[in-house]
Each structure stands twice: as structure tokens, then as C-alpha cells.
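Given as C-alpha cells, the chain that follows is alone and in the form predicted alone.
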Amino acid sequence: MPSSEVVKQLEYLFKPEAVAVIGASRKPKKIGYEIVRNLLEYEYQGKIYPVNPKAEEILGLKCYKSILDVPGRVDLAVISVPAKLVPAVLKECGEKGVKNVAVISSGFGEIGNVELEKEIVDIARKYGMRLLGPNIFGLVYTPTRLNASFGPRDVLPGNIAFLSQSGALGIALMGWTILEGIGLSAVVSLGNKADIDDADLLEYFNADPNTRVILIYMEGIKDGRRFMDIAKKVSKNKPIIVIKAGRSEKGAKAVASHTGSLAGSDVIYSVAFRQSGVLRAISFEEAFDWARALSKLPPPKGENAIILTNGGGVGVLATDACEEYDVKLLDMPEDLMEAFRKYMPPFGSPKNPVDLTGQASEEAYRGAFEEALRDPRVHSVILLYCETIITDPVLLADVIIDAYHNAKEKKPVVVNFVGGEASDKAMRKLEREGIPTYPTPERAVSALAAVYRWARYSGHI
């Protein structure tokens, strides 16, 4: 199917004018109740039609006995009924003219019920519907305030699309992103991927102006060739980060029993990802570290990074990490060293790392940081700070924000503050202003390295 056609069809999934919840419930804690509540409380502006033959009203909304009784058009039907009832429900959705269905229900290919899964796909295709799932927790699209899931409600708007093949992990990570202040454009539960798969969603989010980075938790791929072909194209435009589960032999067996996916050879996946420009993360922490940097920072215009620090120890740790992650440190020219000497005592080091020493004030940091942002030979900055009595971390954050936003040329900057509550408060302030911060120098460098790897693949450097 042409990518333009895929995008056109999936528009109704993420931007529906009306949503029907089939299997809506009157009982709190039931999936059909929580989905209706999330739609209402996340302030979705379209029409919501609960469908339950035994209820007159749910959460103040008129309830319908069948989707065929709904008076208006329905773009998306979210189905939460026992697996054996799904085929009949899908036929009614098809007769109604529903464009997309999200099948929450479990009990299909993941437990070996392959025939039933094939049946629902055949019904969807007969009526020209696209099917998400089955065996999912739903989907979220923040630009349209659509939370058609039974996961956490208050997903923060942002520009990272998060796709998860695991339901429980996806729900948990939704909550974690809220806690960490990470904004998302979308959350999509893929489940068994009986119809809509990773490749379809890559095509959609590549065209989506609200998404800058696509992050996938993946257990297996059904059509590896198509995924690679599409990922190669999308990666030139937007970064793709994948957490691929089932790296070990036992992990691969666990994957097979979880969503019915074949994990395949891990080496083959790694090679395929590398050829397709996909950034492979080992943990969700690493994946979201990279996603935050890639979603906020411009690509670098060259390879030269510098480290600014007030602590020799963290500077050495960052230097080691740069070598490990292939971030190239600028071989400091004499005139630039002379410029940095203005912002440090005689015993400071203007080499790279630039050690301003523990005596560095907020203004010393400002001067050195502005110098780095101004000089065309510096292409990215790793800014490190160890909390001392000399400086106020929050005031230092203000200085960094001011210098960063007033710079004539935007460069990638990652920050690590090491300290107590004040440093934590300062880092959250920097994060809100679009400057990615990390609790260790190694994680800051790892995130910058991901920016570099994508910039090299996409041709920015």
C-alpha cells in the first residue's frame, strides 16, 4: 500500500471526529469504564459513543445497544469485549462505515488462537478498516487530546511518539514519562500487530508534524524487509529508536509466549537496524535519554565537541565516555584556549575538557559557555557542574538558559549537574527550557552520541 494511502487511513485513528467504545462499562476499574473516563477527562473534543446493550448511560453519556444504533459517523471504534464476540462486533463496525478499530481484547494469536486472529483481520479488510491490535491497552494522541486507553490519563504533550508491543510495560512507561516530565506526541499499543504494524506507524509519524522522534519497544517483526525499507527512508528525516527485547536465548523464548512473536536472531536485528539508520537502545532509560536529546536539539554541523566543567573528576568521566561512545573532542587551538583562560583562575585548564575549577562563578560559566556557542569550530557542548558553595545551581541554570536562547547559532548542548535538591531543581528548570539534562556525565554523553549517530546517517554532517 502506498505510504500516502497509509497516512490517509491512519488519520482517522489519531484524529477521529467520533469514537465509539464497544464494551463500555458502568463499573470503575473495568477496562470499558476506564477508556470512556480517559476520553472524557483528557478532554477529547470529538463525540464519544459508549456501546453496551445493558446500559442506558455511562459517565453521563447516552449509551447505545449496538454501534449500528449510533446516530452519527464513527471514525474509530475501541473494542473491549470477549475475544469470541469480536468478529460479530467487527462486522457491525464494517456495516457502520467505521474507518479504524482498536481491539483491546486478548485471546488471539498470543495464546495460539491463530484462526480467530486471522478471521478478525479478514473481516477488517473486507470492509476496508485498519485494525490496531488485538491484545492492546489502546492509544493516545496528545495534539487531539485523544486518550483512548486504559493507561494513565495525564500524558504530557511533546514530540516523541512511543510505540509499545508490550501492554504492561507501555502503561508503566506512560506513567514514568509523566513523572519524569517527558512529553509525548503519541502512545500506541501494538499488541499482536495482526494488521497495523511498526512500518505503518513509521510512515504515519514520518508525515506527522507533531512528531520529531519515534521510539519503539519491539519484541518481533512480521515483515522485516518492509520494516527495513521504510525505516531507511524515515531515518533520513526523523530519528527512530528501538528497544529490541529477546536479545538472549531465554529472552527470545519469553517473547514467543508473550505476544506470539518470533524474536529471530539478535545479530540479524542489530545488523538490520544499523543498515536502516535505527538507533538501538538496550534499556528504556537509555532510549528515553536519547529521545529527549533528539527531540529537543538541532543536529550538529560538525564533529567537534567540548566539555565545560568545574570539576576535574566529572570532566575525566565525560572524556572516557566520549571515547567509548565515539564523540570526538575538539583538539583545542591556542587562540580558543586563550579565550577560555579569561574565565578561570591561573590553575584552571583551558584544554578539552575546559576545567573552570571549583571556584567558577555563574558569570565564569556564562562567559565560557557563550565562547563555546560563539566559536564556529565548536559544534556541540557537554556542560557539567558539581554543586559547590560558590554557585547557586538555580541561578546557574538561569545563566545557561539565557546564554543558550540568545546564541546566534543553535548547537546541541547536554547538561549534567551533580548535587542535591538545588541541582535537581535546576536540572528540571533547564529541561523545561528545552535543554536536555542527565544525572550522570556518562548518560549526557550517551545522549549526545545518539544525536551524532543520527546526524551522520541522515547526512547533516
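If you're wondering where the values come from, they're calculated on a predicted model, not measured in any experiment. Throughout, we count residues from 1 along the sequence that is shown.
The protein also exists as the form predicted in complex with acetyl coenzyme *A; that form is not presented, and the subsequent description refers to it.
Is there a heavy atom of Gly23 lying 4.5 Å or less from a heavy atom of acetyl coenzyme *A in the model of the complex?
Yes, Gly23 is a contact residue.
In the model of the complex, does Gly167 come within 4.5 Å of acetyl coenzyme *A, counting heavy atoms only?
Output for Gly167 is yes: heavy atoms within 4.5 Å of acetyl coenzyme *A.
Answer for Ser106 alone: is it within 4.5 Å of acetyl coenzyme *A in the model of the complex, judged on heavy atom distances?
Answer yes; at least one heavy atom of Ser106 falls within 4.5 Å of acetyl coenzyme *A in the model of the complex.
Can you check whether Asn135 is within 4.5 Å of acetyl coenzyme *A in the model of the complex, heavy atom basis?
Within the cut-off, so yes.
In the model of the complex, which of the stretches 413-421, 45-53, 400-408, 428-436 has residues with heavy atoms within 4.5 Å of acetyl coenzyme *A?
The contacting stretch here is 45-53.
Go through Ile31, Val70, Leu61, Leu40 and name the one with a heavy atom inside 4.5 Å of acetyl coenzyme *A in the model of the complex.
Only one listed residue qualifies here, and that residue is Ile31.
Heavy atom within 4.5 Å of acetyl coenzyme *A in the model of the complex: which of Val89, Leu383, Ile230, Ala293?
Here the answer is residue option Val89.
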